[in-house]
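Next comes just one chain, in structure tokens: the form predicted on its own.
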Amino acid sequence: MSLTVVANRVPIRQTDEGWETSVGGLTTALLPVLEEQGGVWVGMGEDPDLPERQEYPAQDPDFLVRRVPLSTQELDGYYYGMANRVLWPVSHYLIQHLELKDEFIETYRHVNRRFAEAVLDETEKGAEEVIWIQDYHQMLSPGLIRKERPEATIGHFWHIPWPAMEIFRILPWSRELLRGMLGCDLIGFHVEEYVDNFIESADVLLDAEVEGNRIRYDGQETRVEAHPIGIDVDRFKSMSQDPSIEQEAQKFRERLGSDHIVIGIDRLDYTKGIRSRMLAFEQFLEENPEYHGNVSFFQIATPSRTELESYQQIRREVDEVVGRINGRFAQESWVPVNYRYRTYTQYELCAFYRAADAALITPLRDGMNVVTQEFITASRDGVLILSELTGAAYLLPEAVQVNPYDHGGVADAIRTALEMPTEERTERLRGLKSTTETLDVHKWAGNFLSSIQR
């Protein structure tokens, strides 16, 4: 079996030293399969100077990278428009950010067709191979590929939440998008809630025939399953046990100069609930003056989609709240909120995880959130405070779970975490680590590929 991966971005990047593989969970999971079995990775091409077809590595190729070159107009409508201003907010239930423009769906249709054509060009009719499509950028391409290759084996993994049917049907093109997805043999989601939501969408909006986790529509049968994704556990565990990480963690604690450290690590995205989290920490400081000078909140916000006004707005809002909290509560040698709007390496993040007494991971909605698993793997005795509106919450009951919209509840959870007895901290973390090891990203890829070939 050979594998054709279809994803928004290609898995290699050009550096001053030459070409290398990109960092990321999907790359980590799927490149070993491509290297072992051969295949193709289809992704968008943003640089017109790069070749459409590139074998990698050049000297002894393991797989082919096939780029679909996109113009600025195509990128604006397909990626910044339909993907990030329509599908992203509706999937996260934040419909106030929806921008339903006809030019977005028109460009999305066009680009999905171009991706499908690239897949058809690079695969042979009747060949024994799997076409595995990734995420919300490619909802229509499965149906387009199926039309030309009825015998193809096609899978799709959806990496963000699938919303309730009543939310998804807000989209004027909801039925068209569902029909495109149902060109697949197997569709994977992180948790059963998203599976159920998708099946209900197909049942109600398309009047499809549903039997258990199987959907029959227009002559095609599609299975829908939960396949929760994880991290590269062995790699992260090895990194966290490096003596230099312990040294960096100690230096970090000394720099902040507080008895207790709470961390938050996210992309700066309106779904991540960073502003809401800051308001909860402010309430914690108001209600617990004995912690003034003794606890520091260290929040990393990695820049993301900076071209979009909604992301520029959330940055302004977070900056304002951070300034207000520090203005109200800071003392001579103590800054309550240490806010960093920048990117850090995984090595640096690992040291922060190691140093923290608690991690405050409270998205307003999230598909899985693998930062939880990174913290769990790296931590020695930390407490995880986790939004119950994440996919991870279904799998990690040992976390202190909170409603991210309930600032008082999050404030109480911070105090609970900081005052938790050592024995309870140890027992909770033991359970979290055990689950995280079962969610390893390599197991995720293997399980999905085994299921689609059944």
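In this text, all values refer to a predicted model and were calculated from it rather than measured experimentally. The numbering used is simple: start at 1 and walk along the sequence shown.
Missing here is the form predicted together with a small molecule; even so, the following discussion is about that form.
Practice task
Have a look at 204-212, 77-85, 153-161, 117-125 and name the one stretch with heavy atoms inside 4.5 Å of the small molecule in the model of the complex.
Solution key: Heavy-atom contact with the partner occurs in 153-161.
Problem - Contact test in the model of the complex: Asn338 vs the small molecule, heavy atoms, 4.5 Å - result: Answer no; every heavy atom of Asn338 is more than 4.5 Å from the small molecule in the model of the complex.
Handout entry: Exercise: Gly188 in contact with the small molecule in the model of the complex, heavy atom 4.5 Å
Key = Contact check for Gly188: no, nothing within 4.5 Å of the small molecule in the model of the complex.
Handout entry: in the model of the complex, Tyr344 touching the small molecule (heavy atom, 4.5 Å)
Key = Output for Tyr344 is yes: heavy atoms within 4.5 Å of the small molecule.
Problem - Gln247: touches the small molecule in the model of the complex, heavy atom cutoff 4.5 angstroms - result: The answer is no: Gln247 has no heavy atom within 4.5 Å of the small molecule.
Exercise for the section: Work out which of Val322, Met368, Cys184, Met139 lies within 4.5 Å of the small molecule in the model of the complex, going by heavy atoms. Expected result: After the contact test, the surviving option is Met368.
Exercise for the section: Identify, from the list Leu285, Ile300, Leu364, Ile167, the residue with a heavy atom within 4.5 Å of the small molecule in the model of the complex. Expected result: It is Ile300 that has a heavy atom within 4.5 Å of the partner.
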